[in-house]
Every structure is written in C-alpha cells, then in structure tokens.
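The chain below stands alone and is given in structure tokens; this is the form predicted on its own.
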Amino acid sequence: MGVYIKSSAQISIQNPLCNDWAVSPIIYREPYARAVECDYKKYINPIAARRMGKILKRAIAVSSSALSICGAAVPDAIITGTGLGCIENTEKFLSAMTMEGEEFLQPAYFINSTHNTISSQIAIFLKCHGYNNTFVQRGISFESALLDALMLFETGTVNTALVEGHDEMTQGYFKLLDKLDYWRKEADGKGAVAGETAVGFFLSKEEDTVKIEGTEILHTPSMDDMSRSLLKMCSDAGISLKDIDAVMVGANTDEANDAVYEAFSETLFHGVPCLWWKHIFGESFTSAAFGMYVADYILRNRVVPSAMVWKNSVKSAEQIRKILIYNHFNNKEHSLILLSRW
C-alpha cells in the first residue's frame, strides 16, 4: 500500500500559494514576521470572510488551492495539526471579556476560537462530511495528523485525505516566548525567526511522483533509539539507510536547537547532504509541514534551491530520490518523515 502526495499549497512569510521562495526567498532580519496574505476573494465570499480570522481564511485558501492543483473535489478525510489553534480570536475574546465583563461580547470571536474550528471550517466550505480530526500536540501536531492519515490509508478507511498544518503567531504570544529567549535577537542574529504556518497536502492512494514511505514520532530518544527507528522505517520501505540521499533538518540558527541536528547528521548521516527550511519559513509549532512541503518540491522538480543547503553540498539534484525529514521540539518530541521519488 502506498500513500502519495498529489499536491500541496502554502501561505507563509514567503509569497503565498506559489514557489517564489525557491528562486528569490524573502529574507527577514527582524525576529517577528506575519504571513504574506493572498487575495482571499478568489476563494471565499467577502461577506463570509469578514467573520473569519486570518488563520481560517488561510486554511480555506490553502485547501482550495491544493485540491485545484490536482483537480480533486472533496477528500475522504480532513486532518489538521495545530499547536496554538485560533489563538488570535482567543486573545480577542479573552481581552474583551477582561475589559467589558460579560457584556457586549462578540460571539464570532468565541465561536471561531477553538482549535478544531480550522478543520470544521474547511469541511463546511468543501461540503465534506467524512472523517474530520484535529491534533494539538505542540511541536508534533502536524506529524500526529500525518500519522493518523497514514493509519487511515493502511486500514482502507480512506482513499484520499487533506492533511494540513496551521498556526498563527500573535504579538502577545511572541512577547511571552521572547522573554524565554526563544526568538532571534537582532544584535547577534542567532535564534529562531517566528513564522506562521498554513500548509495543505492532498494525499491519495493513486500513484504520483512523491510517495510517503513512513513517519515516526519518538519521545526523548537516545541516538540508538533514533537509529533503530530509522532502520525499521527503511526496512518497511524496502531500502537501507544508505539509500537516503539527503536529510532535511529543522535547524533554525539557535545554537542549542541546532546542536541536536549536528549530532544526528554526524552520527548517522556523515557526509550526506543536509538541507533546512526554517531560516526561510520561520519557526512554529507546525513548521515540520514546511519541511515536508520543501522536500516534496525538491523531489517533484528535481532541483535543490541553493538557499536550502545547510551542510554538505548537493552534487546532483537528479540523484536525490529519497529525503528524510527530521524535526524536534525542545529536544523532547522528535519526528521522522521519509519521502521518495517514484
């Protein structure tokens, strides 16, 4: 049984719903950046859009675009991963309650503040009455959604699925994390750049260029644990560890964060080309979705953008047929996703 990526779409701190980032990425020097919005009138009735927060409009635009690319109509399932959910609406509702008590509160903020609102709004828009689920697992939210989808495919429950990662970053939440030295300081240029995520993948059993070979999620693993998981994943895919042509890691220029990837690459993939994406798309709880998005682009187009090379240069993009995506959250939750070109 195979699961293939038929299409994908993104809205981020790069130009939305396109791949301009591969040729001329927008470089951010400041530590906080919000997503570049697209023209939502192409996807959503302006009257309906007035009642939607940015994250909901992005989700519908990304879903519609991903389906349009491959000519699909309605998926069998919609599965979303989100770390913060509709935090902007949540903040607005709580701020209004604090300032005004329980009087004159706008119900739209409350209705659109729950985490599963994202999947629900996509389903309503697409008129999809199938399986609908949301995973809120902090830094492995997207990977959890992907794993759920793969299990549905494996059991024959679905033939197609929309799997997405969505997160927004408000100024208030940015400041809270900034107090913990989570973000880049302009003086030294080290640390992560805050980003926003809106990535959608249309997955299908029908064969296509890029296949998802498997995914694993591990909690506080040792290097031996990582090695065993990788060997099992490769065995299930019918390949060996040496068949992996490139590793895409979640490095973000923060010293403590990147040290984990340095150890991983040197121990298990010495000399293998290492790619990265967070310096272009930013850091968020569901940023692993961008890692899979970039890997899909590289395999599908047989080109490696120079900005994506972290260490060990790529001799020939044509020779890259299998990419391992490795991401971790606070060095506690670790995830592996293996893609291959068919």
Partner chain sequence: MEQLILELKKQIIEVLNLEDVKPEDIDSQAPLFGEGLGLDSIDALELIVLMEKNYGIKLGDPAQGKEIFKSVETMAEYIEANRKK
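The shown structure was predicted, so the numbers you read here are calculated from the model rather than taken from an experiment. Positions refer to the first chain, counted from 1.
Keep in mind the form predicted together with its partner chain is missing from the figure; the text below concerns it.
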Among Leu147, Lys205 and Ile217, does every residue place a heavy atom within 4.5 Å of its partner chain in the model of the complex? no
For the chain seen here without its partner, which of 26-34, 281-289, 44-52, 308-316 has a heavy atom within 4.5 Å of its partner chain in the model of the complex? 44-52
Does any heavy atom of Pro107 come within 4.5 Å of a heavy atom of its partner chain in the model of the complex? yes
Within a 4.5 Å heavy atom cut-off, is Glu255 in contact with its partner chain in the model of the complex? no
Classify Asp224 as contacting or not contacting its partner chain in the model of the complex by the rule of any non-hydrogen atom within 4.5 angstroms, answering yes or no. no
Taking any heavy atom pair closer than or equal to 4.5 Å as contact, tell me whether Asp236 reaches its partner chain in the model of the complex. no
State the residue from Glu266, Glu154, Glu103, Asp181 whose non-hydrogen atoms include one within 4.5 Å of its partner chain in the model of the complex. Glu103
Could you tell me which one of Ala72, Leu231, Leu94, Ile111 places a heavy atom within 4.5 Å of its partner chain in the model of the complex? Ile111
Across 198-235, which residues bring a heavy atom to within 4.5 Å of its partner chain in the model of the complex? none
